[in-house]
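As a starting point, one isolated chain is supplied in structure tokens, in the form predicted alone.
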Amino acid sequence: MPFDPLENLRDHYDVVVIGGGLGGMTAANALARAGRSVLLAEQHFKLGGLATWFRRRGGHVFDVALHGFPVGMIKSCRRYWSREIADSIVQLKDIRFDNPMFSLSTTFDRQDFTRLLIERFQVPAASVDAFFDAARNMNFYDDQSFTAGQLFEKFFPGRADIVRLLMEPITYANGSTLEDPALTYGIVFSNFMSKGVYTFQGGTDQLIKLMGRELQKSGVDVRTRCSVEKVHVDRGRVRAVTLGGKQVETKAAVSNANLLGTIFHLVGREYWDCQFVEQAEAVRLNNSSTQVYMGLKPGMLIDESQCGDLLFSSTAPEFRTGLLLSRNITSRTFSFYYPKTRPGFDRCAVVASTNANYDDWNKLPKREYEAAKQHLIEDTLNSLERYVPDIRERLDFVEAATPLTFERYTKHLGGSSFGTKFEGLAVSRAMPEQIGGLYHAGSVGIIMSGWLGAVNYGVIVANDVDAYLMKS
């Protein structure tokens, strides 16, 4: 029999969660544990959103996105998911930088960065401590006009090399630029500086598998290949959603989809007041990404001492956001996946990531687009050969993803890898004030910064929804 994603679908749920990224899954799990009936509808055939994976011929498994997040992920997973998931989170201890300004290796925490800034970059200890304290004390209510660029100029005037060391990894992590509010940089940077960078041992496929089991245990009705087409609003409240042509009644909906897509497509501008629409229209989408996935032949291993765990590589003379987004790529982050990443798996893989502009790819004719993808692959291999000289001979498989790839599989507007810029946070949080029972847990503002931010925003929204339902 053909697969029917709507088979045995109920006519009513307390909550419908639209989208199965980490934020949507966490919100669904928390609400089900609180005793709510929850439907989780994901348009793709697997859960995870951008925190996902795919398989290719020859037994290759590739994680999508950089495999790094702050130590806080352990506590959040233990509390809102399971001890088994939390106990599988391990530290990446060898983060490397290689560019015309400097080459170094670090554990990427405050202690080691303090050492580097004092000993290698010759910054007075008092200035280093003052910078870290300023970043650590930032919060969502700080002055948004004070930019990241001004923050660096205040503590490290004229030091483009230090800007590169401190800013480049965070730009890859959440799309922040020197022109964005300093708090969008400082809060994320401080999270990493507490104890370094962590990843999930077993790979993203194992993580999502374990999360799927927890969703089942909690009683969430999970439906994949099930796209929500409309959120129905009546008298200022959510009443139902339509998915696969079927209308399902609900008291609340949590959108884990793109913020602007939620407001203007799933709901429709006629249901919002004029001031809110103006505020939403001013929200900027964040940038997208390209990635090149490289799988090595069986038994062809990469020596960890050659490359480390994460390598921020660049040939650009200095850090500039525009260069990071250009199709003329000068900077890449290489994520190295060793057998220890997936115990029992004898393959090595490398994923090269760059930030990118959607329009640089969307406007290309088909033939030029395919040629540009092939150029991306060849250019990436040329870059990687500096660190793994015989990489081409070791390779068994290679494939590229562009902003159009991310748009296709996630339905994110503009193929955005990081949702929206910081102004989207206020709009996201204000949605239930406009329409009762409608919430958003997608990537916005600071909360967009990777896996930990997605999980924590899902928890925040789940608590808001539960409080709303208790009053309804």
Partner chain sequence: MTAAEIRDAILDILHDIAPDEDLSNLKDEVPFREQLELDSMDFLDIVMELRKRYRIQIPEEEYTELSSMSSTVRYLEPRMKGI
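All of these numbers come straight from a predicted model, not from anything done at the bench. Residue numbers count along the first chain shown, from 1.
Unshown form predicted together with its partner chain; subsequent notes refer to it.
- The single contact residue among Phe200, Tyr80, Phe192, Trp361, judged by any heavy atom lying within 4.5 Å of its partner chain in the predicted complex, is Tyr80.
- Of the listed positions (Lys75, Arg115, Arg284, His375), a single one reaches within 4.5 angstroms of its partner chain by any non-hydrogen atom in the predicted complex, namely Lys75.
- The candidate stretches are 30 to 38, 437 to 445, 47 to 55, 415 to 423, and the one lying within 4.5 Å of its partner chain in the predicted complex by heavy atoms is 30 to 38.
- A residue is said to contact a partner when one of its heavy atoms sits within 4.5 Å of a partner heavy atom; Ala467 meets this definition for its partner chain in the predicted complex.
- Of the heavy atoms in Leu9, none are within 4.5 Å of its partner chain in the predicted complex.
- Of the heavy atoms in Lys411, none are within 4.5 Å of its partner chain in the predicted complex.
- In the predicted complex, Arg429 approaches its partner chain with a heavy atom inside 4.5 Å.
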